[in-house]
Each structure stands twice: as structure tokens, then as C-alpha cells.
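As a starting point, one isolated chain is supplied in C-alpha cells, in the form predicted on its own.
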Amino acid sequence: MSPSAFELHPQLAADTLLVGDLPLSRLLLMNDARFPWCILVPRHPGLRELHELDEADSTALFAEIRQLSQRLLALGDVDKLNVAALGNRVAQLHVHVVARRSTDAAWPDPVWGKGTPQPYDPAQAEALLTHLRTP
């Protein structure tokens, strides 16, 4: 890992709303109201792949994935959770956690590249951000 400070990739910053920081990761909400879609970014500079995390951070990341999954399931009417770390377009290690509904715009396909993102209106964003920030 690089000794430099953590910086969020500009594409992730442009596409998301900040939820906050968890013990390991920065938690982001993808600004697309069609899908409850969060992204966890471990706050270590230079990470690209899951196997680069040490044992403690790997355990912490999976705990954060479980915690976030429970928050998304609490939204109700969730048919499936998709969890993925692709990094094909943004090399910085990040994990997508997407609450899927069989009625959503991309079902049953992956959400990537499907249709045009629909940004949250301010009230809708604030309600979801509050939900995600509540332990």
C-alpha cells in the first residue's frame, strides 16, 4: 500500500452521495433513485483488489457488507441483494451492495449500464441517507 493519504476516486465522488465513514470504509449512495445502491470504499490508498486487504481489514469489510445489507433489507420489498467488487472502470477497490426488486428497471440483469440514472430528489435522498446512517 502507498503511504499517501486516502482519496476517493473522482468517478465515485461524481456518481454518489456521501453517507459517511464506517470503521474501515467510506459509505456512498449511488445517486440513482431507480435502485437502492450503496458502495463501500476501504479507506486505504492504492488498493485495487480484495486480496490486498490484510486479514483484519478483510474481516472488517465483510462485517460492513453484512451491516449494510441489513440496512438495505430493512427498506422492505427487497427480492435480492447483489454484492460485487468489479473495478473494471474504476480501479480503486470498492464494493457495490445493491438492493434489487423484481420490478426494478434492470431486473433480472445487472444494474450497470441499464437505462439512464435518475438522481434522487433532495427529500428522497435525505430520507434514504438518514435510514442508512441510523444504526
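Each residue number is its position in the shown sequence, starting from 1. As the structure is a computational prediction, the values presented were derived from the model and not from experiment.
One more form of this protein, predicted in complex with a further copy of the same chain, exists but is not displayed; see below.
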Applying a 4.5 Å heavy atom distance criterion, does L53 contact a further copy of the same chain in the predicted bound form? yes
Is G76 close enough to a further copy of the same chain in the predicted bound form to count, meaning some heavy atom within 4.5 Å? no
4.5 Å heavy atom contact, G46 to a further copy of the same chain in the predicted bound form: no
May I ask you to check whether T103 falls inside a 4.5 Å heavy atom distance of a further copy of the same chain in the predicted bound form? no
Within 4.5 Å of a further copy of the same chain in the predicted bound form, which residues of 81-100 have a heavy atom? Give them in sequence order, or say none. L81, N82, V83, A84, A85, L86, G87, N88, R89, A91, R100
